Structures are given as C-alpha cells and as structure tokens.
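Taking the form predicted alone, here's one chain by itself in structure tokens.
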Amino acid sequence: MSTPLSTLTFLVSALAGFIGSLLGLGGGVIVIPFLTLVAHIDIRQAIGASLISVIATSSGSAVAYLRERITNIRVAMFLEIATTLGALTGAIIGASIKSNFLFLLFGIILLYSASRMFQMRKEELPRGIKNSLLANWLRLSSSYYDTALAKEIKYQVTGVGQGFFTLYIAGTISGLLGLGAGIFKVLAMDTFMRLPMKVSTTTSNFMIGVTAAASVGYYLAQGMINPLISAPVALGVLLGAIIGTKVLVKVRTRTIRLLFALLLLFISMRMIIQGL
C-alpha cells in the first residue's frame, strides 16, 4: 500500500472510529467499502482489517465509557449470550439459505427501523418505563451522569425477552452474512429494552469488541490480516474513537438518534441493492 493511500486509509478509518464510538458500531460499515471500492483490497483482507477496526473502536471507547459509568455491563454480558448463540446458528444453517434473500429482507427491516428512529429523534430519554420481572431478577437497571443534561439519569429496563431474541437473530445474521451485529444491538436495546440511547450505544460498543476478538484469531490463522493494511486502519480508528468518546458525553441524545437514523437509511439501501 502506497504512502498516499495509507494516509487516506488512516483518515477514513479515523472517521469510521469517530462515528463508531458515537453510535455503538464497528468501523466496518465505512472501512470495508473504502478498502474494497477505493483501495481495491481483497474482500477477505478488508474484513480482517475491519475486525481489527472493531476491536480498536471498542478498545478506544470502552475504558472512557466505563469510567463515565454509561456502559451497562450486566446488559452487555446477558445479550452477548444471545449474539454468540445466534452466530453459531448462522454458521450451521448458512449453506442452506440464499444470501440475496437475507440481504433484501434485513435491508427492508433496517429501512423500517430508520423511519422509526427518525420519528423518535426528539425523544431525549425514555419515559414511564418500569422494570420487567426478568430485569429485576438480573438487576439490569442502573444510572449514569449525563453531562449534556447536567444531571444523574436513573433508568429501568423492560422487554428483556424481546431484546434477547432480537440479539439472537442479529448474531445469526452476522454468522450468515459476515455483517457486524452492532447496529442490531443498539436497535434491540433502544427499541425493545428502552434503554437511554447513550447507554445503548456505549453498551453496544463494549459488546462488539468482545465479539470481534472471538473472530479475529481465525482470520489471523488464515493469513487474512495484512499488517500493512490493518496498521493504518487500527491507528486511525483508535484516534477517531478516542475523539468520539469526548464528543458523546457532551452531545444530546436527539443528535445521536438523527445520526443513527441516517446511518440506518444508508445501510438499509446498501443491503437492498445488494439483495437485488
């Protein structure tokens, strides 16, 4: 990879890390299209670099969000079970389902989710939420200090079963299509479990690092991680993620919702086009 291209990769990766740390996603949604379409990198090496970017995003953000007490570790560990089970299911049934149909189906689901998120863009915090029995048993409710609102936010959790099932499906999609499940994790926590948006994105950020770390060993063993590609990606994403953590604690939730809705729209259109 030439020096100008490495520099451009670093800058694009920094943008990916910044967006990823704000919205609880891996950088793959930006990094993979850039590496394959602009840098003309083999898709397998692009996916390997994307996994590195996910770990870098999570590493760059997780410590800061944990220190700010925004991430909900109990929710993360519980939902990670569903994602892992789903990934195993996806690996088992992958050969028997056409990927085009799945891209089209989930592209439509994400398009609907984008419209729902846009409708909810003015909601700063969920209201009238009561802990479900399962949330009480697992002690999932918590609190965090919101710098933008300048007050402590206490929240409760509902729809734990629906969230778990959604994350199982998200893990299955990830196993079938090689997609990161971060966007579904945020949707499950925000839509079904009714966590505050900042808690959803930061908790997802913590979770995606765990999931990617479990996969990266395989790509290393297969020689699909090229240091000349992965190094500028990892450094750029890490820088962007660190900057993103500084921004998230100061920005209002409605801004994050709007950004997330726009990203959902972009990803859904890509999936629908790929499905067609």
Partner chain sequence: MKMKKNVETERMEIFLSYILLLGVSLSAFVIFLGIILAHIHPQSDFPGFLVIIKKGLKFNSYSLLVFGFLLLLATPIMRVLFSFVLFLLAKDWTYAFITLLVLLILLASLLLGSFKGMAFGP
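Please read these numbers as outputs of a predicted model, since none were measured by experiment. Numbering follows the first chain given and starts at 1.
Below: the form predicted together with its partner chain, not depicted.
- [ ] Tell me, please, which stretch of 101-109, 70-78, 185-193, 118-126 lies within 4.5 angstroms of its partner chain in the predicted bound form when heavy atoms are compared?
- [x] Contact-bearing stretch, as computed: 70-78.
Open item on the list: So in the predicted bound form, is its partner chain close enough to A87 to count as touching (4.5 Å, heavy atoms)?
Closed with: A87 belongs to the contact set for its partner chain.
- [ ] Report yes if any heavy atom of I169 sits within 4.5 Å of a heavy atom of its partner chain in the predicted bound form; otherwise report no.
- [x] It does not: once its partner chain is placed as it appears in the predicted bound form, I169 has no heavy atom within 4.5 Å of it.
Task: its partner chain contact in the predicted bound form: A221, any heavy atom under 4.5 Å - done: Yes.
- [ ] Consider L140 of the chain shown here, and say whether it contacts its partner chain in the predicted bound form, taking contact as heavy atoms within 4.5 Å.
- [x] Taking the distances in the predicted bound form, the answer for L140 is yes, it comes within 4.5 Å of its partner chain.
Task: Answer option from I30, I55, A46, L248, heavy atom within 4.5 Å of its partner chain in the predicted bound form - done: In short, I55.
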